[in-house]
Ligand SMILES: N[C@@H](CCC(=O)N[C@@H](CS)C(=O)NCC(=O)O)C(=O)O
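Just the one chain here, laid out as structure tokens, in the form predicted on its own.
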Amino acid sequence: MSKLVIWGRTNSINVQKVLWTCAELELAFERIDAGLQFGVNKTPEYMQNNPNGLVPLINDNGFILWESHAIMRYLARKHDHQGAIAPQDPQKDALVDQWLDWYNTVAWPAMKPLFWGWVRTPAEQRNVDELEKARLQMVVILEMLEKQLGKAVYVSGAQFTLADIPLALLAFRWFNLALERPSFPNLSKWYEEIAKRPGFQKYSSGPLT
């Protein structure tokens, strides 16, 4: 029987993506703490497997892979034979990829400064003006997602897919930071439904740290 090992701390958004994916696919795994206070990820042994020195990293019975979205896609391709979270139709699958890429290139680069500024930066070191600029940028970006969720039940269409996972984790951070937020009714409705999923509740709804 193959063994899946995941390196990464549970408060990492990138690790949470992979853990939630495993929950959706009902995959057993072993997890090893790595990153930030746990170290490990900058050791020569780890860097040999992941030259970025980041988490997550997986070893699937000898197959080494890093980058969270690549891991999510790999696990779905290997185990999701019915298309439960990764559509088998090429066009629907491409839409999933589209939103996964949008998260990486547009949404998270705007959210990351907010998250780090409010959660992981001491109050006396925060640049409040820069954080406000980031908040306003995030509002514009979430307006795009709000419009999309006005046309579709889930991010990429009628079905819950891999595309919903990272954006739900981003939304969790958005709704739990001490920020002024405009009303996004479609986003809020989608998020409330997503938050009921066992994988979200188990791996992705703890305090922000």
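Note that residue numbering begins at 1 and tracks the sequence as displayed. Fair warning: this is a prediction, and the values are worked out from it, not measured in the lab.
Just so you know, the form predicted together with this ligand exists too; it's not on screen, but the next bit is about it.
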Residue stretch of 180-188, 54-62, 22-30, 159-167 approaching this ligand in the model of the complex, non-hydrogen atom distance within 4.5 Å
54-62
Is the gap between T10 and this ligand in the model of the complex 4.5 Å or less for some heavy atom pair?
no
Wondering, does L36 line up within 4.5 Å of this ligand in the model of the complex on heavy atoms?
yes
4.5 Å heavy atom contact, E146 and this ligand in the model of the complex:
no
